[in-house]
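Single chain ahead, written as structure tokens, the form predicted alone.
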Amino acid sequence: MAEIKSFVYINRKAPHGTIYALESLEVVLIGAAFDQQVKLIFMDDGVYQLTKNQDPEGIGMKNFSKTYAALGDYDITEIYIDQESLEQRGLSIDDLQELVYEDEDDDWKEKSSMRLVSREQLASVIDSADVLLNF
């Protein structure tokens, strides 16, 4: 039986109004806790999941967006943001919360986990996956 090496999670849905974003985050954290190699992609309305200063209280939803800051603690260091999706929504990387990890190979220096990429680059990340989960 072949060993599964890489899990890629694609997040396409807005953070509120459905359970997709929260369920994806929970599955990612569980997988990483069991030493899965995890890569995340945020595209389409999924880029809204990482926006700063979310306040869904008015629609009766819980704000779980601050949980993304814990991804680095789970050794999730590859977070891909689709540049085209940001541009189509009038957003830039500056509108997103900063996600970082501490690089143990570089004296625990804090580094960004986020990579702003083209659709062509995303295709390469997707092609590298042993398991692909779409939310």
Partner chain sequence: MATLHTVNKSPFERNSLDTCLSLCNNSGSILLIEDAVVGALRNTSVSERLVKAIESGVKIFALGEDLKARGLPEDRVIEKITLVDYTGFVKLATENDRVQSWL
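Numbering follows the first chain given and starts at 1. Please read all numbers here as calculations on a predicted model, not as lab measurements.
What comes next is about the form predicted in complex with the partner chain, which does not appear here.
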*asked:* Against the partner chain in the predicted bound form, would residue 97 count as a contact residue? Criterion: heavy atoms within 4.5 Å.
replied: no
Taking heavy atoms only, is residue 43 within 4.5 angstroms of the partner chain in the predicted bound form?
yes
**Prompt:** in the predicted bound form, does residue 73 have a heavy atom within 4.5 Å of the partner chain?
**Reply:** no
(Q) in the predicted bound form, is there a heavy atom of the partner chain that lies within 4.5 Å of any heavy atom of residue 51, even though the partner is absent here? (A) yes
Across 87-121, the residues having a non-hydrogen atom within 4.5 Å of the partner chain in the predicted bound form turn out to be 87, 88, 89, 90, 91, 95, 119
